[in-house]
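Single chain ahead, written as structure tokens, the form predicted on its own.
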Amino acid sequence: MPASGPRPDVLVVGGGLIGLLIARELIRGGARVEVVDDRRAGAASPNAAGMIAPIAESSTDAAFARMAITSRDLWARLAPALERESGISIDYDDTGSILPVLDEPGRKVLAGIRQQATDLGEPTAELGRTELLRLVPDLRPGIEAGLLLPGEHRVDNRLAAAAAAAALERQGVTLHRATVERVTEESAGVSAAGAGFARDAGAVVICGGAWTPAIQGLPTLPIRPVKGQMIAFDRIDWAFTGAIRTPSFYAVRRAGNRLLIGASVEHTGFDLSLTDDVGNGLASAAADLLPALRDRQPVEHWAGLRPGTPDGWPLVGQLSERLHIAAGHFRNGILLAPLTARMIAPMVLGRPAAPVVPVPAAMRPRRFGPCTR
């Protein structure tokens, strides 16, 4: 059934955090916007860890780190704005990340991370055993030092997406629940359609995550699902409310004394099945660092599908005159969400790029070849 009401200027296909923040930016730019999303099981946005970690996520890539720092700074302003606009707390935390020194090779790796942070103007601090135990009393014996990255933030990604959706609805934005199966570019706009849904718009922005290539009418896009399994524990009462990162896992705090442990990297297509070997492996690795977890059972075990690309960079930009894309963010969708929205909104609206957030060549869709259908 065709959707009713005036034709929107822009239809955003995909209601994850990236799509919702793009819609928010477009509205701020004066566009009439609608969003359509089908709440796919396993979608990356609600199943992520919510880390906003520009240094820890880019320890060998200074260009990505600079971009991620810009997005982190946007998050710091966006978080309170989303809470005001929606009336929903999103559990935003700017405590930082702790990277414990596990062995001598690890010490050298952390020295390189600290040097990169310093080169980028980001603060760091060395923590001794006494300070580590004050912050995380469950650390195992033998961990005598760690690196604190105070500029690493985190957010409850589920709450952030809920807040973004609520804020849009308060502004009168229609959020359709449907699957878009095809898009057709026409002389005066774009039509989007699927089972029981049809909508015309002046332009369309595709934010379909791992399912983006299934939409007919788009060029061939090298986006593939990468499964990640995670577990969670309750009854964590440390003073430290940020994240702990090691080479084999990360541990991320949540409000309510919850701790998330993740995440596997599995190339198994759209399979969302949970496996004991992965869940037990995550629990074992976490308990090796945090022995207090050894006698506890995870209270949650879930999987999500990250949208990966061959080079690890997302696709952000114009596919054709009225078709745009923001997808393929792999493990950095939450981190890069506000920056992606700032990048693509001027392009969709036909305005000059914001000077501080141009789309880098590494993100442009045409890097994999011409965008032909």
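Residue indices: 1-based, along the sequence shown. These numbers come from a predicted model, not from an experiment.
Unshown form predicted together with a small molecule; subsequent notes refer to it.
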- Item | Any non-hydrogen atom of residue 207 within 4.5 angstroms of the small molecule in the predicted complex | yes
- Query: residue 102: heavy atom within 4.5 Å of the small molecule in the predicted complex?
  - Reply: no
- Does any heavy atom of residue 203 come within 4.5 Å of a heavy atom of the small molecule in the predicted complex? no
- Is residue 211 close to the small molecule in the predicted complex, meaning a heavy atom pair under 4.5 Å apart or at it? yes
- Partner-free chain; cross-checking the small molecule in the predicted complex, the single residue of 136, 78, 98, 180 with a heavy atom within 4.5 Å is 180
- Item | Heavy atom within 4.5 Å of the small molecule in the predicted complex - residue from 242, 146, 151, 228 | 228
- Message: Using a 4.5 Å heavy atom cut-off, which of 317 to 325, 25 to 33, 48 to 56, 341 to 349 contacts the small molecule in the predicted complex?
- Response: 48 to 56
